[in-house]
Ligand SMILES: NC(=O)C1=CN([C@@H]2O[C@H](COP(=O)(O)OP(=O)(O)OC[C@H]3O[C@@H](n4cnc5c(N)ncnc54)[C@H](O)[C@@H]3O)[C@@H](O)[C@H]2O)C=CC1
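One chain is shown next in structure tokens, namely the form predicted alone.
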């Protein structure tokens, strides 16, 4: 291949959107949030022909989006679609929107939804994109949307979606999960394009829970990498993480098959493998010997997994769910235990079943009792 010939990968990434017919023409989309993922999906919808307004708190940030078509604070070096219009006026942002995506960190999610409520109207589609859990009542973000609005058209967008790669228009897929078929169809129309595929699920709780839980194990994977652990370790970590995730989610009412898809194993793989993941970077810093405060300060952005560790640890203890990796991570993060404790948690747990939905943990435990020494 000559120096002047673009690689096939770059040729795909750099194709003009006009080569295909945008399918969201005439659709009005509002994105609440000025972070990396909110900016990335705003640009996707605009690429796809939608009329897009992005609400953000910072006036200078909004001006940069409008004049330079960049969000250098969160996606430095990437140009977003020039038709995305940013504003700090929430009433203006929501006025014409049919589809509203809420891309706000979990700690501020409910506050922003309450602020938006006066400007929302029945019939609008509300989609949570935040992968986090509210501490009060172990509440997921789509449940916050339900509680605060009472709307019918509510969904969750989740999957292996690193914002920086989306901004580069690299080939990516995600999941829209909703009990409501209309919501699923409209979100697929809004965002499905030649570089971003949107698959559907009706297990909203499972998809959303998978997106929140995997952040815990991304911290563990980053930590393991910094400690010099190898590929065998990473594979074991991710698969045992998947076992814990599905065990917990099923106890909470989710479908275990959801975790075989993009929002389960797909999201787990990318966040446990990529230094682009915020949670992975926090874990790596911890593995290098930094404190939690130092690790978060170096990152400069919210890492949802830190808060999720504590919440899931408390909930798993309350429900009696076996989650040794979560317990190990909680000790490292909040009790100043040496990061090697995470490795001990991985290797010191019981040798139980591989896939519990094929062979139950109870069956393995009962069989071990039949051994001559009872061990």
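Residue numbers count along the first chain shown, from 1. Given the structure is predicted, the values throughout are model-derived calculations rather than measurements.
Beyond the structure shown, there is the form predicted in complex with this ligand, which is absent from this document and is the topic of what follows.
- Judged against this ligand in the predicted complex with a 4.5 angstroms heavy atom cut-off, the residues 57, 103 and 162 are in contact without exception.
- When you look in the predicted complex, the only residue of 35, 339, 49, 324 with a non-hydrogen atom within 4.5 Å of this ligand is 35.
- Residue 278 is the only one of 153, 186, 204, 278 with a heavy atom lying within 4.5 Å of this ligand in the predicted complex.
- Residues with any non-hydrogen atom within 4.5 angstroms of this ligand in the predicted complex fall in just one of 108-116, 288-296, 177-185, 143-151: 108-116.
- Though the partner is left out of this view, residue 244 does not reach within 4.5 Å of this ligand in the predicted complex, counting heavy atoms only.
- Under a 4.5 angstroms non-hydrogen atom cutoff, this ligand in the predicted complex lacks residue 191 among its neighbouring residues.
- For the chain shown alone, residue 129 is a contact residue for this ligand in the predicted complex, at least one non-hydrogen atom being within 4.5 angstroms.
- Taking non-hydrogen atoms only, residue 196 never approaches this ligand to within 4.5 angstroms in the predicted complex.
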